[in-house]
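Just the one chain here, the form predicted on its own, laid out as structure tokens.
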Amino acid sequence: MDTRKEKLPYGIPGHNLSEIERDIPVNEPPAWPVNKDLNLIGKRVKRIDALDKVTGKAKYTSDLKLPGMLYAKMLRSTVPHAVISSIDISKAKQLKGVHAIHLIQNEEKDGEENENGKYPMVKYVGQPIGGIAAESLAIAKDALALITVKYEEKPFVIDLGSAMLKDAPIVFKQPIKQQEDGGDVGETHDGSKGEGNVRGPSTSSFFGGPRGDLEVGFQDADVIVENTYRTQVHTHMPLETHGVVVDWRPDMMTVYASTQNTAAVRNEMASIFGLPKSKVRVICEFMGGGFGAKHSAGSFGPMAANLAKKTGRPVWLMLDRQEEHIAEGNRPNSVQFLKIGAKKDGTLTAIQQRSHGTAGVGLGAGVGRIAQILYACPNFATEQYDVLTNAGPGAAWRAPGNVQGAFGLEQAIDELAEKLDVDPLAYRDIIDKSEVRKVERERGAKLFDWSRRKAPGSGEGVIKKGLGVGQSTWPRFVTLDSSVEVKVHRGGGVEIRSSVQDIGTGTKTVLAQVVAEELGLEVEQVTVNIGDTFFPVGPGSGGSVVTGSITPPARNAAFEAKKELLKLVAKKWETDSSNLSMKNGEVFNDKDASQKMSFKEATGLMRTSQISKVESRSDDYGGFQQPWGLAYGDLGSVQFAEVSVNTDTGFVKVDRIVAAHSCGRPLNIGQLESQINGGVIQGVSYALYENRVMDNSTGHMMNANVDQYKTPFSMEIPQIDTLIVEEYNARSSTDAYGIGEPANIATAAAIANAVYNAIGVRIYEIPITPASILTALNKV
């Protein structure tokens, strides 16, 4: 590829900002200056769909009403482990208003006896068995009650510890497939290894495998900390549940989906039903939240399609809250042992990590890579085991694995600091080599006033105050299969098209900002049409990949369209297009102040009705750590927590969180703050409230609702102060990355460290409840 030399901003304003020269593709735009010198980038631009959302004009998948549409409901197992001997649907079929019933069956091959039985074996309560399409949701529910399923029940196991015993009921007798993203990212979980229900271990990631020699590392240590940390199963609770509306006509299957990945759903549905991808269209215009579990069509997508095929009518199938809890993914729990050694000067000598966790019938119950990479340490090894149980499958959950891992690691680092008699924040200055986190610690500590921190448990009175800190790291992932089309229409309109979806984080707005900045327009002059697989393929919304993947091609496409338009203007003015520029909605001749025209007027020079440019994500300037899109650097944060602990009642109140974050070049400050706020609130909820409670005698989830499954109410949400550190890395034409994952990683660890500082007794398990506080204080 032809390249040219380009100088780009590099470093952190107010700290070490400079320039760096890189080779960049010759057709890409010149480097943007830092944000203070730009018009729209890095500013608080209002979401372009804000009015539609607050007025109810925005229509979500669950709002859709198509002509002739039927409503569907899933039939699910009521026992945790069984062979289905029969299913009687005769009464349900006769109910007025029922149009179709579809049962999931094992595929039978011609000439072979089906050894697996007619129906799939039941492995957990809530496993999908079939579905009903009816005139209304009420009729579909009534019909479900008329179906009789006979089970031959088998022994089952729910609890992680019990499942690890040698005589435990076996969930899968056969090896199960490797999973690279079953609830963890970056670790390959191999279900074919191990014995009984304990599978694995996973010992490596894309950052490599074990390094150094643990035995030597611990021999070199002057102090050693070793403890076991426990985290709970955390279920998904997006405002809009999983679901689809499928309209399958002879020439096209159209799927309206609440999804984080329109292209993945399109590919999955095409594969299942043997259709060309060109015959499946997936649309997601508005989406009510997704935190990792909405990347696939699930079981509900194919079910709705089968019912649509049988009836010849569109089928609406949205899950209810109970189904969401029991069957559509969760953050696996963890029991993680950590042993860390250090010299007297604080230098880490060895980190040993061993974890067990359960993602139910799935794999992916790891604790991520944070212990491997957050702090420099020459000797490191991890063993991460999956424990299979008869419970709903895990799924990716905002920063998969790393939230659990941070809860253990960041407490262990505090414990190590205490043994070394060093302030825990100062200790991180010693062992953390990240320059941006150094700045985050400095600026965050000043805003938080870390100097208020007192010795653990030294406060007076019943209500004790505590301060804590936690750090995070998350890779900079880039999806190379990310494309965007920018159209300039005659008459002045500008349009952006991509299949990338906006899951509520503001992707539409940042795309409009980037294109408007490049064309010298206002955001309101750009129309964003995304979330449709008829448009160029965009990335899935997960792993904080979207901003870093889709905004560079968006800017590059706008730049190409601008060049073509400027050539037309240059021809009219009989000058060279390199003399022209665009700003404030006008085209200027930089060498002749008398020559200018409006952008709209310029588009009138077009011979065709539109200029259309499609660009795809190029490699990072300077390349990647891994060629598939692992960028250099990381997305880090430092979060500070202030808590009040009532030592009579055990009640913990998080009073304040200061969240210092970086994500490369910030594009929209308001939207970044919004994502950080969301991550912190979910972190508070994870630390203190949410917990899946299972009945070990029946296999049922006991709190599969929004009443007994605890989440924080408005009065329990702390004051959140965000601090965004601009950091220029000179890696792409926008140099921007996402912030969704790191916003959630450090919060629970920071709260746990603050609770220890308040009461002087460390809590090794979340959620931290009044009962666990009183037990720790020997008051019960």
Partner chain sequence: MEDKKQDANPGSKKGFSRRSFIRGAGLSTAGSVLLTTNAFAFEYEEGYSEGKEYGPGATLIQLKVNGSVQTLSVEPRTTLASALRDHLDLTGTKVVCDRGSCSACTVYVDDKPVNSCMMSVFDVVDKEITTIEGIAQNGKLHPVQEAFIEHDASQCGYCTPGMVMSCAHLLDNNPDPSLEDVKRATRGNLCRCGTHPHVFKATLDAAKKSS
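The shown structure was predicted, so the numbers you read here are calculated from the model rather than taken from an experiment. Positions refer to the first chain, counted from 1.
The form predicted in complex with its partner chain exists for this protein as well; it is not shown, and the discussion that follows is about that form.
Participant: Identify which of Glu485, Asp634, Asp142, Glu415 has a heavy atom within 4.5 Å of its partner chain in the predicted bound form; exactly one of them does.
Facilitator: The residue in contact is Asp142.
Participant: Would you kindly say which of Ser674, Asn589, Thr311, Ser204 lies with a heavy atom within 4.5 Å of its partner chain in the predicted bound form?
Facilitator: Contact with its partner chain in the predicted bound form is made by Ser674 alone.
Participant: In the predicted bound form, does Trp397 have a heavy atom within 4.5 Å of its partner chain?
Facilitator: Judged by the heavy-atom cut-off of 4.5 Å, Trp397 is in contact with its partner chain in the predicted bound form.
Participant: I'd like to check something about Ile224: if you look in the predicted bound form, is any of its heavy atoms closer than or equal to 4.5 Å to a heavy atom of its partner chain?
Facilitator: Because no heavy atom of Ile224 falls inside 4.5 Å of its partner chain in the predicted bound form, the answer is no.
Participant: Evaluate Gly629 for contact with its partner chain in the predicted bound form, applying a 4.5 angstroms cut-off between non-hydrogen atoms, and reply yes or no.
Facilitator: Result no; Gly629 lies far from its partner chain in the predicted bound form.
Participant: Flag Ser499 as yes or no: does it have a non-hydrogen atom within 4.5 angstroms of any non-hydrogen atom of its partner chain in the predicted bound form?
Facilitator: Ser499: no, not in contact with its partner chain in the predicted bound form.
Participant: Work out which of the listed stretches, 744-752, 44-52, 31-39, 730-738, brings a heavy atom within 4.5 angstroms of its partner chain in the predicted bound form.
Facilitator: Of the options, only 44-52 has residues within 4.5 Å of the partner.
Participant: Check each residue of 237-268 against its partner chain in the predicted bound form and list those with a heavy atom within 4.5 Å, in sequence order.
Facilitator: Going through 237-268 in order - heavy atoms within 4.5 Å of its partner chain in the predicted bound form - the hits are Met237, Pro238, Leu239, Glu240.
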